[in-house]
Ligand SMILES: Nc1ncnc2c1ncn2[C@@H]1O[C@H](COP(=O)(O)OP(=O)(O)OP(=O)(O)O)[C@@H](O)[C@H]1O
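Read the single chain below, which is given as structure tokens and is the form predicted alone.
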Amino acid sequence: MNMLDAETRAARVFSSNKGTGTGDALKLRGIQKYFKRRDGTRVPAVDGIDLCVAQGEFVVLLGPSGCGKTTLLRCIAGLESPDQGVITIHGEEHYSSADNVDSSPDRRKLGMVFQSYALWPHMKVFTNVAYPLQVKKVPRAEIRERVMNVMRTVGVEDLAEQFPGQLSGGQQQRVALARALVSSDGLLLFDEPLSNVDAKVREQLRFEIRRMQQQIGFAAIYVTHDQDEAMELADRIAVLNKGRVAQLDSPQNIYDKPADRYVAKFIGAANEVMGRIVTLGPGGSATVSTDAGPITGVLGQDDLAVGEEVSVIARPEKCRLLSATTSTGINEWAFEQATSLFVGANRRVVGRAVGWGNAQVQFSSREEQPVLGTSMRLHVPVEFARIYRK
């Protein structure tokens, strides 16, 4: 049986086990979760989050340590109880502070893949995957069919009689994914599942998770702090900041059109200079007075006003290096190259631009490399200089 046949059979079993609700696989309304410090003060780990995840959608929760992404995931799973809000899974209410509803994890119609794999070392692979179905008292014949179909899908059917301690990290992760798939009713939660495997295996597993998700059609909430992982996997990314959603959008919009300075600086590399808006122009443009001189750019936020302190941000790959004798007449600064970094398909030049301080420019490795010590000018096209509230 080839891989696509296995996935098709797994999809049939999986879809037949979905919840009875229609529409969104998951809906969160006003979720709040507080933790207490030693002095008794309450700190919001999750601060009023609303989120809807459609059937078959892959949503990534992205943010630094302490932003609330794992706490939110644990609230969805029933491993933490929120202090306020509503959690609906496949149309069924599983948590409501107003209605005093708080379902146990085993009743929430979802599967979860943990960072630590959470496999039972004394159970063989088959039994690890089958255990959630055994707890639900699914008939033995059905258990075997469902487990073997899912194990074929993730490529571990040959490991059924092995113990977890005999497997590599990548194999253990596949087993954990199989167990989550077989026990889920259409919604899977991933808690940084690839952080314990090496870079090459992590890249392969990313591809396999996304391929299986699209083939089988489950909805997914995936927690990570890895930006590349988020960009590759997500239909939408929720960037979290201090327990709140700073931006929820497609990967491309998150990168090209950040909602605020926090998102712009967190996602990817950024050149930044501070200043004050002096004029507003047509089409959402503005001129900012900075230590680097006047910079003309586009407003990244609609409600900015003249006199407001702002940040001007430009992505390294949107900047250009010009010869000392070439000029566009706008947004240019003398640039002194310090070093050049080869990063595979791209090369990144790092140096200092007058008024900007440290600055980076990225271009294709196929392009001609600037010679160290050559006089150059940094140019930021107006449409790529984005202006945000400080």
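Residue numbers here begin at 1 and follow the sequence given. Nothing here was measured: the structure is a model prediction, and the numbers come from that model.
Missing here is the form predicted in complex with this ligand; even so, the following discussion is about that form.
Contact annotation: Gly66 falls within 4.5 Å of this ligand in the model of the complex, judged by heavy atom distances. In the model of the complex, this ligand sits within 4.5 Å of a heavy atom of Ala45. In the model of the complex, at least one heavy atom of Glu192 sits within 4.5 Å of a heavy atom of this ligand. The shortest heavy atom separation between Arg244 and this ligand in the model of the complex exceeds 4.5 Å. The chain is drawn here without this ligand; in the model of the complex, the stretch among 150 to 158, 69 to 77, 293 to 301, 252 to 260 whose residues come within 4.5 Å of it by any heavy atom is 69 to 77. Only one of His225, Lys318, Arg276, Arg144 comes within 4.5 Å of this ligand in the model of the complex through a heavy atom, and that residue is His225.
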